[in-house]
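One chain comes next, on its own, written out as structure tokens in the form predicted on its own.
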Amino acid sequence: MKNNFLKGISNAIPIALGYLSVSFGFGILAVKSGLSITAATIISATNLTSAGQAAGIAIIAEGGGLLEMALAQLTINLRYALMAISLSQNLSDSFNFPKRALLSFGITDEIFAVAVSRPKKVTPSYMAGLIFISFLGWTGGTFLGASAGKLLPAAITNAMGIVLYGMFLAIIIPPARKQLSVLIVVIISAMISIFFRYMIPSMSAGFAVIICAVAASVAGAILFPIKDEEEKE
């Protein structure tokens, strides 16, 4: 059990280092939006979702309601449920329901990718190690970023605040360069977002995110449907 836990920590070190830099930007963004260092750190400690947290901060800053927040988080983070279903096929028999429920908290894009690619069955201790060090990187980076946002000059914090958005670009650019369908869906989403920003400025950030995500997804499904395996054969 100890070896599996240490193996999980070892495999998660690159994730933690990446989270440290990205969450630093989130911490700066949070304090610029009016949150305290403590509030920003608690948000990261209870949520491991960069896109969801960024959208949540925008909704909080604009005084959005709970329904708007809930719908935005559901739209953005629904993929984690699909990841959990997929990962469940690679879990060891020692994963009982309480352990699944507890460790599901730590499923993120990066943690899922590492866990699902593991040649052996994923054990609870390995998953705990994977999540533990990643959690420290994300939460620690947020605390450092929020603290820096209170102390550093505005010119520096404004520059560091784009780190989070740089991560989003790093996620979409590689697949967009390889697949025309991804590029077109990204462009559609960006165009809808720009339309709301300049044509309907009264539209809140939360509902804008929801509409952009759903509309772009529907457009992608219509324009680039994935054929069944039987049809391909």
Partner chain sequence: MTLALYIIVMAGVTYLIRMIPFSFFRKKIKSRFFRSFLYYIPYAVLSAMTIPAIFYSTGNMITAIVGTIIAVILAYLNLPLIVVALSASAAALITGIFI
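Residue numbers count along the first chain shown, from 1. No experiment lies behind these values; they were computed from the predicted model shown.
The same protein has a further form, the form predicted in complex with the partner chain, not shown here; the description that follows concerns it.
No member of the trio 4, 120 and 136 reaches the partner chain in the model of the complex with any non-hydrogen atom inside 4.5 Å.
Taking the partner from elsewhere, residue 212 is found to have a heavy atom lying within 4.5 Å of the partner chain in the model of the complex.
Using a 4.5 Å cutoff between non-hydrogen atoms, residue 146 does not count as a contact of the partner chain in the model of the complex. When the partner chain is considered in the model of the complex, residue 181 lines it closely, a heavy atom lying within 4.5 Å. In the model of the complex, the partner chain sits within 4.5 Å of a heavy atom of residue 190.
Contacts between stretch 208-223 and the partner chain, counted in the model of the complex as any heavy atom lying within 4.5 Å, involve 209, 212, 213, 214, 216, 217, 218, 220, 221, 222, listed in sequence order.
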